[in-house]
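One chain is shown next in structure tokens, namely the form predicted alone.
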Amino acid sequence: MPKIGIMSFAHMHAYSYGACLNALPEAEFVAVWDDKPRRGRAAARQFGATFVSKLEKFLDLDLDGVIICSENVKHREMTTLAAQAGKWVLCEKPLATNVADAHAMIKACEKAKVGLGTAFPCRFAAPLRVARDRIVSGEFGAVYAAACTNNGSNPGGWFAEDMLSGGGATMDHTVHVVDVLRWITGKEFRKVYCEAGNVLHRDTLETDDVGLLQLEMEGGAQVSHVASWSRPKSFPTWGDVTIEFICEKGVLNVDAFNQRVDVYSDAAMKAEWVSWGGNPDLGLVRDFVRAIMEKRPPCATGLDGLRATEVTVAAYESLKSGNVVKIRA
């Protein structure tokens, strides 16, 4: 049974991953390390794990794998240290805030002969898996274009600090859609043009809260994407992932989070989504655990994280230059 630890609860997704680890009979959630001890101790108590205050002692534990949920700019250092300690790594997205760091993370894990996965739970959302099956089968023919969104509420905190996050809503919400489209179509992105800005939170943010991207994939497929923190604080979840595929033989509309019941709770004083379908985070964590057991790459690899990082970094280059930017040669 693989023994797993979580490195940092800075990212809110760590709490979902902790619950998923405890729900999996084939995994044991052993330990937590966090550079903010109060937060780490509270998380360890919540999930019945042991808090370890010293990183070197945490990495000396008999762990088979770690899930890294730190601030984005710390991913490279933590992944490298975990790999050197012989631990498999599942790293929160974006894999890195720049292409050089993403390459270094992949090389560190290859050198240590441990697996590296990128946390792209949308690959385990049932509506997207059905859409992929139907498109891959050829039912809809060639994909000519796609119109995509990933809109959520402002997470605040370090997400809004470029020095820790690497960027705002464009950084936070583009990578999911980029990965889903690569996974479904099997094609890479080649060009991107981006307009972005601080439109909705000028008094509280210094980074972009809305990004509008126009992209081109291999073969000429055109993709539009809106990434934003435009939803109110009462929005039920971290984002909406919707895609309209315009294809040779028809149009396919997909809402990744449509397996839900809308609840308006006076107790919570906000809208809530109660899922009646599968749990994408559980699918993600289960795949990572089984990858360790089976000694195979996770479903979304470090290379997949690198490719999404390349697109996002190019989008910010386009924003800065005002020009279309090519993505890799």
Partner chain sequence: MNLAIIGCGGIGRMHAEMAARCGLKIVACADKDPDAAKALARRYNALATTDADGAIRRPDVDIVLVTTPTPRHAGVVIDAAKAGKHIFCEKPFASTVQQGRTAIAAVKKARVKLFVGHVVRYFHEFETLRAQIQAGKIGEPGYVKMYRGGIYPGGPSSWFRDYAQSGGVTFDCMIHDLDWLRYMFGEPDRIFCQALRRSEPEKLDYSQVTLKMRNGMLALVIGTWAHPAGFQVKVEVCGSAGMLQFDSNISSLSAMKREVKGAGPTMIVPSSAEDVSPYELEWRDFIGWIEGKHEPRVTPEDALRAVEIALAALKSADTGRPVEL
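Numbering follows the first chain given and starts at 1. We call the rigid core whatever largest set of C-alpha positions still superposes within 1.5 Å between the two forms. Owing to the predicted nature of the structure, the values given are computational and were not obtained by experimental measurement.
Form predicted in complex with the partner chain: not shown, discussed below.
- Just one of 71, 179, 101, 216 comes within 4.5 Å of the partner chain in the predicted complex, counting any heavy atom, and that one is 216.
- Between the partner chain and the residues 128, 226, 160, 81, the one pair within 4.5 Å by heavy atoms in the predicted complex involves 226.
- Proximity of 146, 193 and 222 to the partner chain in the predicted complex is complete: all three residues have a non-hydrogen atom within 4.5 angstroms.
- Heavy atoms within 4.5 Å of the partner chain in the predicted complex map, among the stretches 238-246, 180-188, 105-113, 81-89, onto 238-246 alone.
- Contact check for residue 232: a non-hydrogen atom falls within 4.5 Å of the partner chain in the predicted complex.
- Contact check for residue 205: every heavy atom lies farther than 4.5 Å from the partner chain in the predicted complex.
- Heavy atoms of residue 155 never reach within 4.5 Å of the partner chain in the predicted complex, leaving it off the interface.
- Among heavy atoms of residue 136, none comes within 4.5 Å of the partner chain in the predicted complex.
- Along 194-212, a non-hydrogen atom within 4.5 Å of the partner chain in the predicted complex is carried by 195, 196, 197, 199, 200, 202, 210, 212, in order along the sequence.
- Core-superposed comparison between the shown form and the other one: CA of residue 262 displaced by 2 Å or more.
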